[in-house]
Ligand code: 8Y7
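Only one chain is shown below, in structure tokens, and it's the form predicted on its own.
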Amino acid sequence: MNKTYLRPLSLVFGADAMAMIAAGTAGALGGIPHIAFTHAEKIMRDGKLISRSIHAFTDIKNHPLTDEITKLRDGFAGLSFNRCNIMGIVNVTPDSFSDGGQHEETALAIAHGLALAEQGADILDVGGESTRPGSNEVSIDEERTRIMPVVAALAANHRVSVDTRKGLLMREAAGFGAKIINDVSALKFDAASVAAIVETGLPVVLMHAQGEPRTMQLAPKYQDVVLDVYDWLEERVAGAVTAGIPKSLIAVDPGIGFGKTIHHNLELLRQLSIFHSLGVALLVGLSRKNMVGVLTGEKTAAKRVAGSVGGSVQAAMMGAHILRVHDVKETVDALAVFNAALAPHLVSL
């Protein structure tokens, strides 16, 4: 295998970024007009041999991958990707790693979703099957019972995503008003899921995971975690497009914590900009995960708020279009300061 990758480097923000993009000396990272890159790392991979070199934007601006990095992402569930969007987590489960059992009852889940929307969530991600490390599959009937009343209630006035691996439930969720499907198996778990996405016309998030949730953290291994995850996601995107899913309706998620060690996760965060070369929206979910606990020393998942927000801001700086979080208000507040610093002239006090 002889393959080329481009990883955007030397990021510039705000008015400086917009000026450099206009001058043709930098490119828009992920199509975002106020985040630019002036250089890129060109990575050449031939089997186990990997070489790297740094190039100015002006030297690679005509590269096909540069077009994928800089093109505007639009048409994904009506979201604007001129800024980072927040996906609030609504777990209707008894066993999710952080908030399992807190919103297991329908009324509590609906109330939680409404609260997250009030706090500024652009998307409410409703899930009825925990995919934490060591978890087991939930039956279709049980998952349906958990999520569909919540989806129906929240979708009446809010943009709802459904976190499911099952094609039948994707179809049913669309009927109840869901606008996005978030599949941690990237449409691999259920053979019926691809057809469900094609026929409903819903946007879909394709997430990378090595192995099944029950066993994925036992011994994850990669030759190069960033390139391996990139290749896997590229293959899933290509397969989805071939099946009839428009590229504009696809987002990718590198799957922090899904079949990865803490060092794997940190490398993915450090080199996150490479995933813009896929030419689709980028979602990042690290909220309250074990990585945050290891780095901060906080063993209780629900208390990992500050570390989670720090990771979310890092992902936003790397051009993430969507952040999947438990702590919506805290993340929204942090991004408000981040965005104000990028464009202080637009802040009205």
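Everything numeric in this text was worked out from a predicted model, so none of it was measured. Counting begins at 1, following the sequence as shown.
Below, we turn to the form predicted in complex with the ligand, even though it does not appear here.
- The ligand is not drawn, but in the predicted bound form it has a heavy atom within 4.5 Å of R324.
- Among heavy atoms of A209, none comes within 4.5 Å of the ligand in the predicted bound form.
- Looking at T131, you'd find a heavy atom of it within 4.5 angstroms of the ligand in the predicted bound form.
- At a distance threshold of 4.5 angstroms between non-hydrogen atoms, E143 is out of contact with the ligand in the predicted bound form.
- Comment: the ligand is not present in this chain, but in the predicted bound form one of V280, A40, A36, L283 has a heavy atom within 4.5 Å of it, namely L283.
- A single residue from the set A121, M148, V184, V229 has any heavy atom within 4.5 angstroms of the ligand in the predicted bound form; that residue is V184.
- Heavy atoms within 4.5 Å of the ligand in the predicted bound form belong, among the stretches 284 to 292, 313 to 321, 26 to 34, 51 to 59, to residues of 284 to 292.
- Contacts between stretch 24 to 38 and the ligand, counted in the predicted bound form as any heavy atom lying within 4.5 Å, involve no residue at all.
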